[in-house]
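Next up: just one chain, as structure tokens, the form predicted on its own.
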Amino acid sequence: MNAQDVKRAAVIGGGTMGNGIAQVLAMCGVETRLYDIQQDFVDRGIAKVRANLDKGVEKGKVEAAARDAAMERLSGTTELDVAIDEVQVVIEAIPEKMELKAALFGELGSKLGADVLLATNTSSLPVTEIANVTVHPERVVGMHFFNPVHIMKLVEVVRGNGSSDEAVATTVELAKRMGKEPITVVDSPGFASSRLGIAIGLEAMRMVEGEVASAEDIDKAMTLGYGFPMGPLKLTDLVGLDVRLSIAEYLQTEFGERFAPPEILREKVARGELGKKSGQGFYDWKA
């Protein structure tokens, strides 16, 4: 398959990552169907895309005609069969739970032909394990986007043990078509980005826990001293503390205690302080 020949795609999951992926697909000329299990999830996802594009128009970064054309290409549904009808690509962006992803890919694998590319947006789970529940694991790859999807340039293309050269090459070219900068990594716990990002984020949390410095000053050390575009603690708030806890626990099982989540992270998640989405994390987002 040639990435330039992709006409229709389905994005499974209407949350933050899913609606962002749907936005950039629609913007690059692909008829995109956003699927979720409840209509209000779908509606919120499409409304978020509209809000992002409206903001882009206001700032002069998106032409009004391009926004309108993208919204014409975007639709939503709660029926999986409708979402995947005659698509060339499916990108999954559901919660980071192996049992959920395995169930979904098992269903997709049985419903779709071998020529349909299946991509998972997982940030840490093994792509090979996800692929192995499908009928044709060779067409399954990782396609790890970064939040906010419409702004962040990186896409991590993950080659599973059985991923074909064609599937990987198509995914790389599709990422470029979407205006992204892809890197290719093998299927290893945490891949490249999550493994490095979590290591830095966990150490920053331990520094807050040990009262070495405030979250703001730790982040400032990394942005001003090392040129990071965003500090590790603010990034944790943006990604979600619950998401980072889940990734850290998985990496701990694979690599040992150096990825053990600090108590401050566990306590915040237990209190519902999940970052920007809950209004409170290492920063107060309510204002």
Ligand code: NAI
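The first residue of the sequence shown is number 1, and the count goes up from there. This one's a predicted model, so the numbers in the text were calculated from it and none came from an experiment.
The same protein also has a form predicted together with this ligand, omitted here; what follows describes it.
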Partner-free chain; cross-checking this ligand in the model of the complex, the single residue of L112, A131, I94, I91 with a heavy atom within 4.5 Å is I94
Of R139, K101, K180, H150, which one comes within 4.5 Å of this ligand in the model of the complex, counting heavy atoms only? K101
Proximity of N121 to this ligand in the model of the complex, heavy atoms at 4.5 Å: yes
If you check in the model of the complex, is D219 within 4.5 Å of this ligand, heavy atoms only? no
Residue-level contact is defined here as any heavy atom of the residue lying within 4.5 Å of this ligand in the model of the complex; does F259 satisfy this criterion? no
Can you check whether F41 is within 4.5 Å of this ligand in the model of the complex, heavy atom basis? yes
So which of 48-56, 28-36, 230-238, 66-74 is the stretch with heavy atoms within 4.5 Å of this ligand in the model of the complex? 28-36
Would you give me the residues of 142-156 that have any heavy atom within 4.5 Å of this ligand in the model of the complex, in order from first to last? H144, F145, N147
